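So this first bit is one chain, no partners, the form predicted alone, shown in structure tokens.
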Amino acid sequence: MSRNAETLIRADGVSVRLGGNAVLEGVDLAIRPGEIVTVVGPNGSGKSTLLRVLIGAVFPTHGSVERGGGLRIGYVPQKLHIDPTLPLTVRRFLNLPRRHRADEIRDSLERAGLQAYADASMSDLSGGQFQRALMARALIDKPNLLMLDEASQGLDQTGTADFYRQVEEIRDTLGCAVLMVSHDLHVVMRAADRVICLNHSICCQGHPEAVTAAPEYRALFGTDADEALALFRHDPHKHPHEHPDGNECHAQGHEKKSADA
């Protein structure tokens, strides 16, 4: 992977062992400004661990992570539990751990599509509204890299589609890069500029159509890959994406393990 002065964040040869199990092995990746990159893979393949390594919550056993100067990361976790007895409004939630100006709160809620709920209790929000509150909190400091870990989990098909349309709008308005983990293969095909298929190591990556044609990808997802590709090819709203890495799937050897991540 060639170095690029505009790279926001880079992992070089990152390996992680947790509880004696190899969760990540020799992972190389770079995220550049403005691109949407989706990480897919089976349960326990290391996807969430990879995001936690990139934000600095988990330290690699081997390898390194290089963050560009001035990098601001907004992170939406897979799930967050808030005690329902806690009197916490959306506005107060956005002011944790530090207070923000009223206009910053207003702008972040608007970008997340939750502008009418500033004074609502977090415990009263629906699943979709709760995820948008998490999104608003991730956006409040105007990140140049937004990370989403299964952020649409628990949403229905319509809610998931709306959520990821919002992600594309956020990328377009803020100019930020997006790195997201998703199990929704149709969303992967529609929203991503680049797809990374992870099974402890990166087994293939590239443009969505190149990746879904790769034998490594089909071995992991089977007929789901064919269905996602068919939906993508017949989606009238899809648009071609360009990426400096080119339309190529780069296969790397991998060994499937039983570690959870």
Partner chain sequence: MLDDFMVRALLAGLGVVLAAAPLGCFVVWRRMAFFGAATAHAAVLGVALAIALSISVFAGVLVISLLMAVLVTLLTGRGYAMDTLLGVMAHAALAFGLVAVSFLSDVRIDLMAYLFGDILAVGQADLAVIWGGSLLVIGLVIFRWQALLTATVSDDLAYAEGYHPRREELILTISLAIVVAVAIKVVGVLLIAALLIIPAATARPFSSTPERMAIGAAGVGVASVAGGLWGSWNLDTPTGPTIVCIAALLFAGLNILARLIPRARSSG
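Residue numbers count along the first chain shown, from 1. Remember, it's a predicted structure, so these values are computed and weren't measured experimentally. Just so we're on the same page, rigid core means the largest C-alpha set that superposes within 1.5 Å between forms.
Quick note: we don't show the form predicted together with the partner chain, though the next part is all about it.
Asker: Identify, from the list K142, R99, R165, R106, the residue with a heavy atom within 4.5 Å of the partner chain in the predicted complex.
Answerer: If I apply the 4.5 Å criterion carefully, the residue I get is R99.
Asker: Within 4.5 Å, heavy atoms only, which of R32, H207, R218, R52 is in contact with the partner chain in the predicted complex?
Answerer: Exactly one listed residue reaches within 4.5 Å, namely R52.
Asker: Spot the stretch among 72-80, 109-117, 168-176, 155-163 with residues whose non-hydrogen atoms come within 4.5 Å of the partner chain in the predicted complex.
Answerer: Going through the listed ranges, the match is 72-80.
Asker: Should R137 be classed as touching the partner chain in the predicted complex when contacts are defined as heavy atoms within 4.5 Å?
Answerer: Answer yes; at least one heavy atom of R137 falls within 4.5 Å of the partner chain in the predicted complex.
Asker: Look up in the predicted complex whether S126 has a non-hydrogen atom within 4.5 angstroms of the partner chain, and give yes or no.
Answerer: No, S126 is distant from the partner.
Asker: With the partner left out of view, is G56 within 4.5 angstroms of the partner chain in the predicted complex by any non-hydrogen atom?
Answerer: Yes, contact at 4.5 Å.
Asker: Taking the partner chain in the predicted complex, which residues along 83-99 bring a heavy atom to within 4.5 Å of it?
Answerer: The stretch touches the partner through D83, P84, T85, L86, P87, L88, T89, R92, F93, N95, L96, P97, R98, R99.
Asker: Classify N144 as shifted (yes) or not shifted (no) between this form and the one not shown, where shifted means its C-alpha moves by 2 Å or more with the rigid core superposed.
Answerer: The answer is no; the displacement is under 2 Å.
Asker: Once both forms sit on the same rigid core, is the C-alpha displacement of T85 at or above 2 Å between this form and the one not shown?
Answerer: Superposed on the core, T85 moves its C-alpha 2 Å or more between this form and the one not shown.
Asker: Is S121 one of the residues whose C-alpha moves 2 Å or more between this form and the one not shown after the core fit?
Answerer: Moves: yes, 2 Å or greater.
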